[in-house]
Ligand code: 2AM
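Okay, so here's just one chain, in structure tokens, the form predicted on its own.
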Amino acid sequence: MDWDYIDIQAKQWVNEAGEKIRSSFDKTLNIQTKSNPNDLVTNIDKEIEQFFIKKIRETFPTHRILGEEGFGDEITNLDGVVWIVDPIDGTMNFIHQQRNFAISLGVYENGIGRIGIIYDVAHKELYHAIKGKGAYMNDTKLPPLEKTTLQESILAINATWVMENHRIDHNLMIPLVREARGTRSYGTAALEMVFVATGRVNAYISMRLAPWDYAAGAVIVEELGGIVTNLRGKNLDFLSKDSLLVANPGLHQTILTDYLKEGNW
């Protein structure tokens, strides 16, 4: 498999898609809701996913596609090459802010992440990695992740999980948040994962995400020595929704064993 060629094609399409999205900033969006009033999708999400699917099918007809907006294939296994596509991760931010959103492309072979590409469209920052060949932001190679203690770390976590909610016992989160140096929430899993990769935050925690939210980010973070699991410490399931814990090695273990071990995740 020529991963360099696949990577070149994917980056070219991501840059084209980024231009399409930026050109939409001054246009009226057709906004719809999905699972709930805050689960938004626009005509741009749909058009960009269809753009990727057309390019992938023309160039790599044997590859399969798992896309957030449902225009790809019915995927029940990860045999062969599967592209996992989120045309706009952070749609609410895209609508309200026109920043803090990203295109996310993960390319997997028999369940193993080979290519991860996350494009911060507003800032024109392309984060990318080919398994075994390092991770980059544009043309700058990213250094391996350094270990940090919880007390000197910034956590990316949505405040929802520290308040009473129906998914977890929020009391388990309070000591974790209290011990950390600070917390942030950006509303886009893809960018929060690359913020871990670049050291802008030291860990990212979420309770329920879909494969297209974390497929690309997992390749990038793991290439830098970071650890990506669910909140039980198990490998992620790239066919269904799962919880997520992303951090540098020492911090990942600290959070998992000292704070989350009692949780029913």
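From 1 onward, residues are counted along the sequence shown. All of these numbers come straight from a predicted model, not from anything done at the bench.
If you look for the form predicted together with this ligand, you will not find it shown, but the lines that follow are about it.
> So in the predicted complex, does residue 54 come within 4.5 Å of this ligand, heavy atom to heavy atom?
Judged by the heavy-atom cut-off of 4.5 Å, residue 54 is well away from this ligand in the predicted complex.
> Should residue 134 be counted as a contact of this ligand in the predicted complex, where contact means heavy atoms within 4.5 Å?
Close contact is absent here: in the predicted complex, residue 134 is far from this ligand, nothing within 4.5 Å, heavy atoms only.
> Quick check on residue 213: any heavy atom within 4.5 Å of this ligand in the predicted complex?
Residue 213: yes, in contact with this ligand in the predicted complex.
> Give a yes/no on whether residue 153 approaches this ligand to within 4.5 Å in the predicted complex, heavy atoms considered.
So residue 153 does not count as contacting this ligand.
> Which residue, 232, 200, 208, 63, has a heavy atom that falls within 4.5 Å of this ligand in the predicted complex?
Going through each option in turn, the one that passes is 208.
> Going by heavy atom distances of 4.5 angstroms or less, which of 97, 165, 149, 158 would be at the interface with this ligand in the predicted complex?
For this set of options, the contacting one is 158.
> Can you check 80-88, 169-177, 140-148, 121-129 and let me know which stretch has heavy atoms within 4.5 Å of this ligand in the predicted complex?
Heavy atoms within 4.5 Å of this ligand in the predicted complex occur in 80-88.
> Only counting heavy atoms and a 4.5 Å limit, does any residue of 175-206 reach this ligand in the predicted complex, and if so which ones?
Residues within 4.5 Å: 187, 188, 189.
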